[in-house]
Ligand code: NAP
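Before any questions on how it binds or moves, here is one chain, the form predicted on its own, in structure tokens.
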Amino acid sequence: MTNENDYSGSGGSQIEPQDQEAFLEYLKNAFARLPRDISLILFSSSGQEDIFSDANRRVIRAFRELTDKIVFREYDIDHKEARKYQIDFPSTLLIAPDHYNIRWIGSPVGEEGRTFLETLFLVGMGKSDLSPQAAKIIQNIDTPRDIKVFVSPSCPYCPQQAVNAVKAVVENPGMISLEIIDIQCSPELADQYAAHSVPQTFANDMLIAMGAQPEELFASSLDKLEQQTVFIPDSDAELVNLDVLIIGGGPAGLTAGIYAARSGLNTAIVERASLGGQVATTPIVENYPGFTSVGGKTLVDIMVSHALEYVQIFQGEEVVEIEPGFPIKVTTTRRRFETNTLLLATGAKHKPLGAVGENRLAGRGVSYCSTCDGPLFRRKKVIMVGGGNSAVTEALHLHNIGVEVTLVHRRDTLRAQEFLSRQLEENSIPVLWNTEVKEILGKERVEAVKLINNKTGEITVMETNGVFIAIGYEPSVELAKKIGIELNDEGYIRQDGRHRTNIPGIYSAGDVEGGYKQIVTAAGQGSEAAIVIFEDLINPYWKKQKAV
């Protein structure tokens, strides 16, 4: 879920000491069961400061304290071993080179620590753990695929896509090779591929995906060498029977899952992307009750951990078909569901600016996520378009990580809270008032913007390396429209005040309903919807309607 009024800064999840000890013990036991040793080879540059190699050493040292399965070697970039493996960049880590062609340019820190941990287990087991349908696609690839996945340690979506690629290599090592590239470690390579947002995935130097994908769509994109948006699963997919199926793993969906399951309803959540929705990419949340200041990802981790105590979550699955009825039938990219009720908590997504050049340069300097893409623009010029809390929050975040940012707002006053507006002034971040972006200019990447003053009509061209956009959100109602759910005049799902849509047994909650786009509001609506569903399953209102 995205929030126009909630956020500003960055944070990470924390583990309590007793939980940490249990987790480390779990890892030790898991590593002990691996059938293979894991060879790691780091190529560094002894002649210059190499912070990424230092980070690699620290991470690897920490894992080697847990297991003797890791065999570590290090060579200078000028060593003959570097020529043997055709290493072009310092801070390159080879992972299990005796079995796979996997190399990491950068270091597995931040969000990418999850990618590294899962990679170690995948190569140590020698099994991809792909779904049967994705594995079948990868197994049938009979010509080479050289994958490059561009990532950032601050991007919560990157691990999903990077692990997809690792699984593909493990499944078909004879045909598939992989480079995971940290855009902060190798900005020149990111520039070469115009990879100015993450994750971006290339295969054989062709762009096959922008953003994270379910593994079946990733496999299909890799096979066809172009991004695929729809994957139709085989008809013999696993069938799951439920009382409640929730589509969407943001605050509304997670809260609804907790309340429904605690009411005794057999409940599951399906989420096609990262859990937490857009909260996961929010730097800092400063007005969620109980937390004076908390990182968006930290808050999401707390919510997800709580939900998992009660409800099964199917992450990385996209819903491809819904058949209303009794029961309601839902098909995802991996399985089929039959459910008595359905809750749509699909949230909202970033509203596009609509400027000329926006679509063409998306991911090439045009971005909607400062947390994900901001690090690539350190010591560069960017503009932030918008005047609400999200725009000001993200402008402050960019400024704090060393980006030269100018706020562009079409009005003469900000809509942001006074506290945030004051921080903007205190940090001397310039604002262009009464100004709109008419066109985004550039051939391969953003080079400039054409601006118009909507009071004077004056048009100017401003050089910039990036355009970050935070002008509000639009509801994710594609599924709702597909099955005939009524929408209101603003395009949000119309509901009866108790979260019931016009189709019996189908409900809605959260940002997809419109209203105040606050995390706490979405969570409250999720709990309300779950309580209504519980009451309706005991005494179905649709049966009364039929009787009348």
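Since this is a predicted model, take the numbers as computed values, not measurements. From 1 onward, residues are counted along the sequence shown.
Keep in mind that the form predicted in complex with the ligand is not shown, yet the notes after this line are about it.
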Practice problem: Tell me, yes or no, whether G472 is in contact with the ligand in the predicted complex, where a contact means a heavy atom of each within 4.5 Å. | Solution: yes
Quiz prompt | Proximity of S131 to the ligand in the predicted complex, heavy atoms at 4.5 Å | solution = no
Practice problem: Examine T346 and determine whether its closest non-hydrogen atom to the ligand in the predicted complex is within 4.5 angstroms. | Solution: no
Quiz item: Applying a 4.5 Å heavy atom distance criterion, does G388 contact the ligand in the predicted complex?
Solution: yes
Quiz item: Has each of R411, R415 and Y516 got a heavy atom lying within 4.5 angstroms of the ligand in the predicted complex?
Solution: yes
Quiz item: Which one, N465, Q184, N172, N287, lies within 4.5 Å of the ligand in the predicted complex by heavy atoms?
Solution: N287
Self-check item: in the predicted complex, the one of K351, R335, K450, H99 near the ligand [non-hydrogen atom within 4.5 angstroms]
Solution: K351
Quiz item: If we take heavy atoms and a 4.5 Å cut-off, which stretch out of 516-524, 52-60, 482-490, 36-44 is in contact with the ligand in the predicted complex?
Solution: 516-524
